[in-house]
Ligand SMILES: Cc1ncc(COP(=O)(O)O)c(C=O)c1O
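Okay, here we've got a single chain as structure tokens, the form predicted on its own, with questions on binding and movement later.
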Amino acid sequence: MSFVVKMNGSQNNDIHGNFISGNGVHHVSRWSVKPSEMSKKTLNPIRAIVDGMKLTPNPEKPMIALSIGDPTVFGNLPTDDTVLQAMKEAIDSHKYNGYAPSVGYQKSREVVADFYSCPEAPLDGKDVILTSGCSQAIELAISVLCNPGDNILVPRPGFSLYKTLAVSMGIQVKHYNLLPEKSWEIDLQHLESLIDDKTACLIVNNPSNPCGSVFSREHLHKILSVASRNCIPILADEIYGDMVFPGCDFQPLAPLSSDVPILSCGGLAKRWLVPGWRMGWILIHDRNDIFGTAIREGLVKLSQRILGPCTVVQGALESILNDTPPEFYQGTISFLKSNSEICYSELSTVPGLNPVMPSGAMYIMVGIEMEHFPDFQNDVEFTERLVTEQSVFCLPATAFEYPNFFRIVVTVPEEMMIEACIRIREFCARHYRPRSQDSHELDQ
């Protein structure tokens, strides 16, 4: 239906049916264009929380952002020259300017398979789907395993993208607890209590974002036992695989599995420090043929929606994976461990804070004893005021479904890490309140 706004002057219709007054067109459209239900249900919790925060830095102090999980931000962690050279050669070859198969070039898939294959979990090219970053790998894995109305099991605290993707698809998210007092191991009893006949997938993130934890081989066996008992496939988010500190070993999940089928998601972003290159992959581990051909065909069909990842990076993959020197990886890990130790050492002596020492990845989680900070109601207000007063931005862990913690990214230059810890200490000293004698007596 159309509505006319009557103006002075004569009124006529033009050839398109618009109403024209003497002063021009005054027509309220019959059009009604609405966003899809999927788009309305798509919400990134980090964006929702951060966009709602009042983030006005102290103008007297330069901003230190410890919030962004991008190792390239400060320029202190460049990728290796070998990686750059591989890209240059791929471009100069003029071989990679066209479309590739949506699942990736066969040669590139074989290169990834060879890199990750082991006797306990062999891979060949057909077991690899190349994707536009690890985030698309996760999206394809959830999409192929789940229908609207199903539920998936997701860690808490955990990477917010799992929930963003699942909810947009009409999939229920059930959060299983991680235990900070046990270096963020999974509460296996709680995990198993969540499983029902609509549970389609268990997501295991190891090493962890946001926790920086690395599961032991023994703990991974226990996780697999839960999945095996309940016949639940696993999506293993292993984007931080091998980014673990000396004295700790990363154990991929698939080689430990005797029967549980696993879709392992990874990519170049973190270990090779090139998140913007958008190269990820799914490794299909299905030695007992539980997925069969249907899941593989489903992944191929889903990959055809965007026709695959960047072809130039695919062309460089062989050299990136095979020629990057071990010293590059070791240098990155050494830096991250050193920064983590600085951060943990500095903040563990701050009254009211309880950092949990990580074993890998790029993050450290810090608990806040909120009862000692009565100026703030929660971790969001705490981190908001930390920006206002000290120009230090850490992500409140409410963004990871885990209140009263905050996450620090440890990829910043060392001097910036030290300065940030000094400022956090000052901030806490200003706002910390010991519990009164009265409340202490009441507790007794």
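All residue numbers are counted from 1 along the displayed sequence. Treat the numbers as computed from the prediction; the structure is a model and nothing was measured.
In what follows, reference is made to the form predicted together with this ligand, a form of this protein that is not presented.
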**Report entry** Options 145-153, 316-324, 264-272, 302-310; stretch whose heavy atom lies within 4.5 Å of this ligand in the model of the complex
**Finding:** 264-272
Query raised in the report: For this chain shown on its own, do 214, 250 and 365 all sit within 4.5 Å of this ligand in the model of the complex, going by heavy atoms?
Result: no
Report task. May I ask you to choose, among 201, 166, 283, 134, the residue with a heavy atom within 4.5 Å of this ligand in the model of the complex? Result -> 134
Requested in this report: Taking 4.5 Å between heavy atoms as the contact cutoff, choose which of 373, 116, 176, 240 touches this ligand in the model of the complex.
Outcome: 240
Requested in this report: Find out whether any non-hydrogen atom of residue 339 is located within 4.5 angstroms of this ligand in the model of the complex, and reply yes or no.
Outcome: no
Query raised in the report: So in the model of the complex, does any heavy atom of residue 359 sit within 4.5 Å of this ligand?
Result: no
Query raised in the report: Can any non-hydrogen atom of residue 96 be found within 4.5 angstroms of this ligand in the model of the complex?
Result: no
Requested in this report: May I ask you to check whether residue 244 falls inside a 4.5 Å heavy atom distance of this ligand in the model of the complex?
Outcome: no
Query raised in the report: Within 160-179, which residues come within 4.5 Å of this ligand in the model of the complex, counting heavy atoms only?
Result: 162
